[in-house]
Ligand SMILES: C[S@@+](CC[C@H](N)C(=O)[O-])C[C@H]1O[C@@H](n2cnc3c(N)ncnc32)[C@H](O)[C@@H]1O
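First comes one chain, alone, set out as structure tokens in the form predicted alone.
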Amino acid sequence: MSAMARGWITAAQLAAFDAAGTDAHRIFSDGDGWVERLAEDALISHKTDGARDAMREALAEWCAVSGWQPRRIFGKLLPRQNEDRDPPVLLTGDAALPLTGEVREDGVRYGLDFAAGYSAGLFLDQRMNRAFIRRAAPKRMLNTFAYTCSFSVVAALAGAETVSADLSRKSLDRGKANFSLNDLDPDAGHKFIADDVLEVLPRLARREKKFDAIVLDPPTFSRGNKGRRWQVEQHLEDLVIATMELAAPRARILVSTNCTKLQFADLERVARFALKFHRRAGDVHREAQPPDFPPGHGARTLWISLRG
């Protein structure tokens, strides 16, 4: 199939996802956008209407070969400015079906809501990092900019107590629902803080809280409490330094960004400066790129592993 040579996953890869209990993954990527499978639905993220139409046509060809057929197809424009982000729109399929549902990743269940905003509820490019957290099995994890708390869910499934902080109470409520989807009691050993992360961190430090896993996946740009301006290129280093105050011995810290101006070398520089600032020894490493995300696609992520 000619489409497969242009970035579509193979039938064998599709079967491997199904065997792993994963029905949320990319099925196509290129410079003009991508296509994701989200349980029974497909989502086309596109930069132009022409790219959307081309991917929609190629999706039909890929489905004929792979045997997978979406019940609905959604489209989402990838705008130049964050303020122009809109929720996905239904392109084909039954408009009477609910816009909420759920997906699975390695058997873990997550809720989706196509009407909730620009993102439906799960960042697929963090799959390998969620798997790393689950393997690491931390005792206490801090999840900052937690969104719908997917990292907290996998940590809790591995036995951790978790603290999830996000400015949006609505997102944290969706996170609690994700706990319940996986038969986890969100009120048993788990805390959800609806507040500006940059104000939460010093409060936790004053209370001498320590965590052996910390997730830092901040937005590229936002405004926090009292109109505080956050710009990841300018403030990431300060964030990592502040977070390291909360790191227990041998803690693991994930540093992640979608900002195209920051590359892996920038993350490593920030990580090593924070280690030097705190006079702590540590190593950095990257988890493998998800097999459905070609190089250059998805977030840039880096793990800091403290030695003491």
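We number the residues from 1 along the sequence you see. These figures come from a predicted structure and were not determined experimentally.
The same protein also exists as the form predicted in complex with the ligand; that form is not shown, yet it is the one meant from here on.
A.B. asks: Just one stretch in 90 to 98, 67 to 75, 155 to 163, 194 to 202 has heavy atoms within 4.5 Å of the ligand in the predicted bound form, so which one is it?
C.D. replies: Comparing against the ligand in the predicted bound form, the contact stretch is 194 to 202.
A.B. asks: Any of the heavy atoms of G189 lying within 4.5 Å of the ligand in the predicted bound form?
C.D. replies: G189: no contact with the ligand in the predicted bound form.
A.B. asks: Decide whether F211 counts as a contact residue for the ligand in the predicted bound form under a heavy atom distance cut-off of 4.5 Å.
C.D. replies: No - in the predicted bound form, heavy atoms of F211 and the ligand never come within 4.5 Å of each other.
A.B. asks: Going by a heavy atom distance of 4.5 Å, is Y147 a contact of the ligand in the predicted bound form?
C.D. replies: Judged by the heavy-atom cut-off of 4.5 Å, Y147 is in contact with the ligand in the predicted bound form.
A.B. asks: Spell out, yes or no, whether the shortest heavy atom distance between D217 and the ligand in the predicted bound form is within 4.5 Å.
C.D. replies: Taking the distances in the predicted bound form, the answer for D217 is yes, it comes within 4.5 Å of the ligand.
A.B. asks: Give me the residue from F179, F123, F114, F132 that has a heavy atom within 4.5 Å of the ligand in the predicted bound form.
C.D. replies: So the residue touching the ligand in the predicted bound form, by this definition, is F123.
A.B. asks: Just one of L184, L236, L167, V108 has a heavy atom within 4.5 angstroms of the ligand in the predicted bound form, so which one?
C.D. replies: Spelling it out, the residue with a heavy atom inside the cut-off is L167.
A.B. asks: Within 266 to 287, which residues have a heavy atom closer than or equal to 4.5 Å from the ligand in the predicted bound form?
C.D. replies: Heavy-atom contacts within 4.5 Å come from no residue here.
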